[in-house]
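Take a look at this single chain, the form predicted alone, given in structure tokens.
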């Protein structure tokens, strides 16, 4: 079953489940909304958690990271899901929000190029990709693309740029890679949930981006690993900081995450990008933490339920049957434990918590 069908069905099912729980003594109703990338994992998490915690009812929706951040901050939802971390501007705008990393993901570049050499494995670097998304490289056989792929024969066909139209954490991560690697992109457009795109056609949600790329000869787009696996898509190997061209996978996403966590300068509150700046042969350069955003202003009883769900997601929820199966890399527990305890104790001050692996 496709993500599109699962999304519609899960939202409807979650709404019925939540509605069924209204008025039950001791029942907890939690809502998670935001990142379309994180949605498939949240879907299986919520179903597993409700099965083992029959007094808790969870509704899950795919609405985009921008929606998740703002609505978690204003109290419309319990947990906001986001591919983007809390930048300095976002922290200033939403001071009560706390971000909790719950998984590793990435953003990958997909394409539809009729006439491409059979079995071709495409490579791409940040500056060239930025020029494509700025409309400055218009044909697939441009010399800049051929220079990176000397063994590939490209057709002289126009590049049709596909991007997200909604406020998207996937876009945030993608434009972060462009901004980190291209001064022109950084100066003129920058990293954003919803940038002022210089060219191309916009679509709401990752499913729509995939559908557009598959239906449009000559197109290029970007989605996360879950969509790559779901639709059996080919993606480009991206150049990393050490000059290696790396394809996104569970292994290469984890390599990026471990590099970040072993970097003593990486902040305890995770409010820093892990895109591009990490060294390593196997490090995928456009990987990121996936976040749940929670407001410290939640009522105490709700916060306790939220905290229980978060601890479950960070321990039992990291099993590969949940994470890898839906296109995510599980978090490495040991280096994360001290940082996560600080964050969770900040959410519920005075409540001692010591996360145990698998607990």
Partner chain sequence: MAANDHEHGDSLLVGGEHRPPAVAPLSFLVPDPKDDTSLEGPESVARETEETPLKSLRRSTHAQVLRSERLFHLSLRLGGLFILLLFATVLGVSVVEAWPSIEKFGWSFLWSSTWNPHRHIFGAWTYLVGTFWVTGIALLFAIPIAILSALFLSDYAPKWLVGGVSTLMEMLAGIPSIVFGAFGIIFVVPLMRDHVEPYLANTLGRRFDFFAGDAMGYGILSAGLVVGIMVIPLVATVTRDSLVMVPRETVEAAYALGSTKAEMVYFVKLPAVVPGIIGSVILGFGRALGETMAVLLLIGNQASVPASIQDVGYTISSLLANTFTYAVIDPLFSAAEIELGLILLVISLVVNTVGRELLLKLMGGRLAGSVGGG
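Note that the rigid core is defined as the largest set of C-alphas that superpose within 1.5 Å between two forms. These figures come from a predicted structure and were not determined experimentally. Positions refer to the first chain, counted from 1.
The following text describes the form predicted together with the partner chain, which does not appear among the structures shown.
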Exercise. When the partner chain is placed as it is in the predicted complex, which of 194 to 202, 273 to 281, 251 to 259, 224 to 232 ends up with heavy atoms within 4.5 Å of it?
Worked result: 194 to 202
Exercise. Here the chain is shown alone; which of 246, 124, 130, 167 has a heavy atom within 4.5 Å of the partner chain in the predicted complex?
Worked result: 167
Exercise. Which residue, 287, 178, 79, 162, has a heavy atom that falls within 4.5 Å of the partner chain in the predicted complex?
Worked result: 162
Exercise. Might residue 147 be said to contact the partner chain in the predicted complex, defining contact as any heavy atom within 4.5 Å?
Worked result: no
Exercise. Should residue 189 be counted as a contact of the partner chain in the predicted complex, where contact means heavy atoms within 4.5 Å?
Worked result: yes
Exercise. Hey, in the predicted complex, does residue 69 get a heavy atom within 4.5 angstroms of the partner chain?
Worked result: yes
Exercise. If you check in the predicted complex, is residue 216 within 4.5 Å of the partner chain, heavy atoms only?
Worked result: yes
For this session: Could you run down 83 to 107 and flag each residue that has a heavy atom within 4.5 Å of the partner chain in the predicted complex?
Result: 90, 93, 94
For this session: Would you tell me if residue 318 moves between the shown form and the other one by 2 Å or more at its C-alpha, with the rigid core held superposed?
Result: no
